[in-house]
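Consider the single chain below, provided in C-alpha cells and representing the form predicted on its own.
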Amino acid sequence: MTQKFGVTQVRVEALRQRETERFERARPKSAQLTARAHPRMARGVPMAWMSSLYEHQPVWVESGAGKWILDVDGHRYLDFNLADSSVFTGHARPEITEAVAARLALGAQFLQPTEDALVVAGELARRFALPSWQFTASATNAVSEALRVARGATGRNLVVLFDGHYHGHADETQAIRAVDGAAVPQWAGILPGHVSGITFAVFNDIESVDLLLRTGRVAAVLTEPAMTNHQGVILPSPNFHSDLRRATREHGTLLLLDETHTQMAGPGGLTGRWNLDPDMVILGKSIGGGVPVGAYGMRSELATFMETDGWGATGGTLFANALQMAACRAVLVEVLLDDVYDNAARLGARLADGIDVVSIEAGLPWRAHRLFNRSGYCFSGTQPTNAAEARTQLHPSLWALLRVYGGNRGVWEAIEGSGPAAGIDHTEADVDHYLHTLRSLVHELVS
C-alpha cells in the first residue's frame, strides 16, 4: 500500500472522515451561526479567510481566558495556535484588559499622540536597538510603509523577497515566484503592475541575492529572520545573515527584517537572540495583546529622511491611536517581561522533543521543527533550507487530520504548516496533553 511520510493515504482519509464527522456533529450551534451568517457575510464569516484556514466548518467562539478558548457549543480548547501568534500574551490578560478599559473610558482615538506612545517606542528601541518607531493598524500596513520609506530613501524601486515568503496582505507582497523567476500576482484581483517592483531570491542562497543586488536597482531586501509561513520553519544557514548584511551594505541596499511571527523568540525577537543588524524591523500581532497594531523601527538616518519636506507616503486615520498605544504599553511594560520568553522557549523545546520521541517510537520519519517557543512537523525528517524543499513536505490531508483530531480532544492546533507554539500561560502539563493527543493519533495511524 502506498505510503507518504510513513503513513498510508487510505488510513489518513479514513481517520479524517471519522474525526470530521464527530467534530461537526458536536458543534451544531457553530453550524447554525454559519448558516445564518451566509446571507450577510461572504462564506458565512466576517473575514473570508476564516473559512479557509481549516477544512472543518468554522468554529464560533464565545470567550477566551489565558491559554483557553471556549466555543459556543461549550467545548474548551488548549490554544496552541495563539491566533496565528497574535496572542502570545494569552487571551483576556488582566493587565491588558484593564489598560484598554481605562483608555476607552478616557477616549480611544484623537488623531493626536498620547504619552503611552513615547513609552512604547522607547521600550521597542531598547529591545531592538533601533532608535525611531512608527505605528500602524497591522503588520501588513507596517510592511507597506517600511517599503515606501526604503524606496524613498534609496531612490530605487526594486524589493527582493524570498521564495515562500509571507509579509501580509498588501497587493505587492501578494506576489509569488513564477517558473521563470518573475514576480506574478498570487490571487485574482491583484494587477500585474502591483507586483512589478518585486523580484525573488532563494533563502539561504546568498549568491541568488548578490546577483540581484549587483544591478544597483534594489532598494531593500525584506525577509523574516527565519521563514515561518511555509510548512513549518526554514532556518537560516550559519553564515546566511552575516553574508546578507555584508551584501546589502556593499550594494547600498537596506535590510528589512519582518519579525511579526519571530518576535516571540525573545524580548528583541530573533534580531536580539541572534545579534542581527537590520536597517528596519517590522512588528505586529503580539505586541498589542490582541488589539490590532503594527510597528516598524528604523535607523536614525531613515527617520531623518521621513522628516524631509514633501514626505507624506505614510499614515492612516486610525494608526497609532490611543487605544493601541495603551494596549502595547501594558504588553511591553507589564506582561512580556524578559523572563517569560525563556520559559516559553523551554516549553517549545519540550514540544519539539516530544514530537521527536512520538515519531521515533512509532517508526515514523517525522521530526520536529524548533524555533524557541514554536515547534512543528518536518514530515520527511529532513529540515528544509528553502521554500522549494519545504513544498515537498506538504501533506494537507494529514495536517487536516492533526487539527480535527486535536479539536475533538480539547487541543486547538495551529493553522496548516505553522506548527504548535507555546504562549506565556502554557505549562508542562499542557504540552504533555498535546503530546498525549499526538501519541494517540499516531498509534491509530500506524496500527
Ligand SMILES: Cc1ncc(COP(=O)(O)O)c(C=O)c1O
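From 1 onward, residues are counted along the sequence shown. These figures come from a predicted structure and were not determined experimentally.
One more form of this protein, predicted in complex with the named molecule, exists but is not displayed; see below.
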Would you mind picking out the stretch of 159 to 167, 329 to 337, 213 to 221, 178 to 186 that comes within 4.5 angstroms of the named molecule in the predicted bound form, counting non-hydrogen atoms?
159 to 167
Close approach of T260 to the named molecule in the predicted bound form, 4.5 Å, heavy atom:
yes
Distance check, T154 to the named molecule in the predicted bound form, heavy atom within 4.5 Å
no
Residue contact check: K285 to the named molecule in the predicted bound form, 4.5 Å heavy atom
yes
Close approach of A139 to the named molecule in the predicted bound form, 4.5 Å, heavy atom
yes
Give me the residue from T199, T114, Q134, N229 that has a heavy atom within 4.5 Å of the named molecule in the predicted bound form.
N229
Only one of D84, D277, E301, E361 comes within 4.5 Å of the named molecule in the predicted bound form by heavy atoms, so just point that one out.
D84
